[in-house]
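The form predicted on its own is given below as one chain in structure tokens.
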């Protein structure tokens, strides 16, 4: 992992001059509302103080020289070559370039070095930070003038249309639109949103990374999206007013249990339950009802574990450990699933003890350490320097 100074120093060493543009793009957490975004539901994310930084300058020729410093990979290609070469990080960037060019905006040649302290594959959406940060750079250098919401939408389109990940917009929106010390209550149907103060009193947000990496592009993510679509078809036949799974009541899904394939029923039931939990979590946060908020987090995990079936033994172990630990209000897997990290709401006075004991237990059971990541709620993608 690298810091901002590492990125800019490497840029100078590689290209012989200071970058003309430096952009900071954050990862995100999601308090609750998992897998609801591509069902037009509500989500409750926030940008956090873990970042990718992009150091960029235009070139006089029509070539792009891009270095992914964290993984020590480099790509050089003509501006009109947007073919995929098997490197996923580069495919994400080329998708952004493709959509800008499609709309008539071309940054031309570009030097870029990027990297940061945002864990890859931990469920903090490093891919969205990559997309949105690079989109912000291209937006500035091409003079496209897109708003932060438009950049989030473009990044989501790139994932769906170019990379091939049928994702919702939560990750890109949180990375682009984050506000310091605030969660975002986002309606993914119409992108209306409200900033909710992240006043946690004596509690701290802590991530425990299983070390099991996941990739939405290579996981069963697309399968879950398809199963939700199947569930919607069944529900619309019985309840024509339902537009998306976010509209379905729990009792409506339960009434069709005998008609739906078992997996389709379980996915649909989870989304109906999780949609209601988001509103309850917002109220619990505002009312500082930490026990209720924590119970909702645990309920989300159990839904993801048993109904949506995107957990894994390592995630379940950490949530089980947290559930029995004094001072931990709630815990759940965070992100697409199949690995990554758990999100824990922990009393500040027991954070160090909880980390030590959870890591010891995890090491004993799985033979590796679960990295602890304390996060603070930060701002969205920001231009730090422009010449």
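In this text, all values refer to a predicted model and were calculated from it rather than measured experimentally. Residue numbers count along the first chain shown, from 1.
Another form exists, predicted in complex with alpha-D-galactopyranose (GLA); not displayed. Remarks below refer to it.
Within 4.5 Å of alpha-D-galactopyranose (GLA) in the predicted bound form, all of 35, 38 and 221 (non-hydrogen atom): All of them do, each having a heavy atom within 4.5 Å of the partner.
Contact assignment for alpha-D-galactopyranose (GLA) in the predicted bound form, among 167, 281, 136, 97, heavy atom within 4.5 Å: Looking at 167, 281, 136, 97 one by one, just 167 meets the 4.5 Å heavy-atom criterion.
Close approach of residue 339 to alpha-D-galactopyranose (GLA) in the predicted bound form, 4.5 Å, heavy atom: Answer no; every heavy atom of residue 339 is more than 4.5 Å from alpha-D-galactopyranose (GLA) in the predicted bound form.
Non-hydrogen atom contact residue 45 with alpha-D-galactopyranose (GLA) in the predicted bound form at 4.5 angstroms: It does not: once alpha-D-galactopyranose (GLA) is placed as it appears in the predicted bound form, residue 45 has no heavy atom within 4.5 Å of it.
One stretch from 169-177, 313-321, 231-239, 73-81 that, in the predicted bound form, holds residues within 4.5 Å of alpha-D-galactopyranose (GLA) by heavy atom: Only one stretch passes the 4.5 Å heavy-atom test: 169-177.
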